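Here you get one chain, nothing else, as structure tokens; it is the form predicted alone.
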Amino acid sequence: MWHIPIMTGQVFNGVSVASILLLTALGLALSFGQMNVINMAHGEMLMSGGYLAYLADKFVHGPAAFPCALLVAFVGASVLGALLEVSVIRWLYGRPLDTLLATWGISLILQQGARSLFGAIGVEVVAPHWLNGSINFTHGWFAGLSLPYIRIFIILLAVVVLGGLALFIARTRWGQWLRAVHQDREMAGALGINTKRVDLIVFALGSGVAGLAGAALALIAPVTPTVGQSYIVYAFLVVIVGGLGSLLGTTIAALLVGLLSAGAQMFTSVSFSDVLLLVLVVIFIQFRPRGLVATHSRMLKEA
């Protein structure tokens, strides 16, 4: 029985990590699946969200500080993503290698900018008092298990964002246009849908969700100029395993990656668990090259 609290705690940590991965990967799943864009600067959207949340928390005080930090992180990262799409991405559609190189260069510029403004030492967002503490089990099989409120909040935030994004895609006119462009861009444009505007909204929305991931991450770990690099690889793994453009597949893949990583770290080092995870993903895509949930799209077939 002694190992039950340890295993449960590790599973809980894996789910909380999966929640941050999910928030980070949702934008990639939309942009990669719809526009066939490999955005290597997506991790810097997460980084910018963390720094913006830090600034909001520093200048806004009282009960509204933390909600304001989340809002600023979302809006600020959305604006940054929109600027990136208008100034660079829009001119490189259909050229994935050029997009990869351009966004990689932009990621280096953003990292250096963050280093110049905030320094190389990480910053943290002070959690509100109602997120301090944890649920502690003192009796029974789970005696000794502790579930921090902050990680519970991150899991709930991911659930709320995922549900809101699913409703946006399924129930709104913009969501209908998004699905139409995803299925057949040329036909959607012929029917009067402004595909460039849809691309802009998708890119900005995905960047904003990544900004929320950065704000959530700032509650449990320091935000550094290179924090985006630590998550962008995992986010791409989640998108590839889940299936391009599939919210369901992205969610399942994020849970699998988070749980596998947390489980492997119980028996080996962090670096070796990363190697093991990469090997498993390589083996997986040999049998399921289109991911867990394959989406049918004319654009993906042509890519």
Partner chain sequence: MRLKSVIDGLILIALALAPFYLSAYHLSLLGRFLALAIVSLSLVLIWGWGGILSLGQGVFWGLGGYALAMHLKLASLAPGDLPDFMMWSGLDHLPKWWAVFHSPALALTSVVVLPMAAAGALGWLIFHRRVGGVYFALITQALALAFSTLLISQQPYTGGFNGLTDFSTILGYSVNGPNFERGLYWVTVGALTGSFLLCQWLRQTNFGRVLVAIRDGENRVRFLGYNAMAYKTIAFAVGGALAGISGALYMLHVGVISPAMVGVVPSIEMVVAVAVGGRESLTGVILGTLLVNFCKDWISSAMPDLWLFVMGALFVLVVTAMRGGLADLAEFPFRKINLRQSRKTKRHDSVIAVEKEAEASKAG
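Quantities reported herein were computed from a predicted structural model and do not represent experimental measurements. Residue numbers count along the first chain shown, from 1.
A second form of this protein, the form predicted in complex with its partner chain, is not displayed here; the remarks below concern that form.
- With the partner omitted from this view, the residue of Val79, Ile106, Ile220, Ala180 that lies near its partner chain in the predicted bound form is Ile106 [heavy atom within 4.5 Å].
- Think of it this way: in the predicted bound form, its partner chain has a heavy atom of just one of Val86, Ile155, Leu71, Leu92 within 4.5 Å, and the residue is Leu92.
- Using a 4.5 Å heavy atom cutoff, Pro96, Val275 and Pro289 all lie near its partner chain in the predicted bound form.
- Although the partner is absent here, Arg115 sits close enough that one of its heavy atoms falls within 4.5 Å of its partner chain in the predicted bound form.
- For the chain shown alone, Ala56 is not a contact residue for its partner chain in the predicted bound form, no non-hydrogen atom being within 4.5 angstroms.
- The closest heavy atom approach of Leu165 to its partner chain in the predicted bound form falls outside 4.5 Å.
- Leu280 falls outside the set of residues with a heavy atom inside 4.5 Å of its partner chain in the predicted bound form.
- From the list 212-220, 193-201, 144-152, 106-114, the contact stretch for its partner chain in the predicted bound form under a 4.5 Å heavy atom rule is 106-114.
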